[in-house]
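One chain comes next, on its own, written as structure tokens: the form predicted alone.
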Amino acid sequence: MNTWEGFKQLVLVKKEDVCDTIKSFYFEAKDGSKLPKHIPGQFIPFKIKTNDNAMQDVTRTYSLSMKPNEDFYRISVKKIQGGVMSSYLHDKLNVGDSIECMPPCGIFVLDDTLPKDVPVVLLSGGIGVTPVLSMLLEEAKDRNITFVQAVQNSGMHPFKDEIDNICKENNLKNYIFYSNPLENDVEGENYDFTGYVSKEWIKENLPLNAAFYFCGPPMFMESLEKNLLELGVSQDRINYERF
């Protein structure tokens, strides 16, 4: 499907809470046209004008967090203290409002030459779940996927039920790490491991012949890349997205 040039008006049709500090935003084309399908892992740039005297444009990119389709786009955004765009989306953009957006782009996508029998491991830290969630939703029925999600606790755990359900439906492995569990978070019940994804854990639990895709805070990704390389995973099987 043909895409568009430059910025286009999208209208917000739904806004929902995901967990503490994270909301999802659903957009449709304001002109009623179909939207080009994104490739799972891609992002879309949004533009707003600030309210300062200069009325400067502010542009930010957000990964699409849903299965590709032509009807709507979903982004899921963590509100950052002092963040101009995230604060605008959370606090000022209401259902029925429009926002300027460019078409999907980005190269953090599954290698389409990867044989179907090669395992895929998707790992995320915090809000870095969004691009790998899109990959999971698209590929769950066709690939041997292991999904690893690292968050602070249940209050900061986005898409837990959505991920649990799709992994159960497709008999996929799904591991959850809480680095700072709440008092009512019980290891072995609503999450699997306390702490961080270590090299020892990777060695014991993940297929090292897999293709690895991950997104999250810089320290999370640097640690994963270092550990995977030390465990003998080739660089061309290590893929990550920097926000």
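Residue positions are given as counts along the sequence shown, with the first one as 1. All values reported here derive from a predicted model rather than from experimental measurement.
Although not depicted, the form predicted together with a small molecule is the subject of the following passage.
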For this session: Heavy atom within 4.5 Å of the small molecule in the predicted complex: which of Tyr62, Phe27, Tyr178, Tyr213 fits that? Just give me the one.
Result: Tyr62
Seminar exercise, completed: Residue within 4.5 Å of the small molecule in the predicted complex by heavy atom, from Met135, Cys101, Val148, Ile127, is Ile127
Problem set entry | Stretch from 82 to 90, 139 to 147, 169 to 177, 117 to 125 whose residues place a heavy atom within 4.5 Å of the small molecule in the predicted complex | 82 to 90
Exercise. Heavy atom to heavy atom, is Val77 within 4.5 Å of the small molecule in the predicted complex?
Worked result: yes
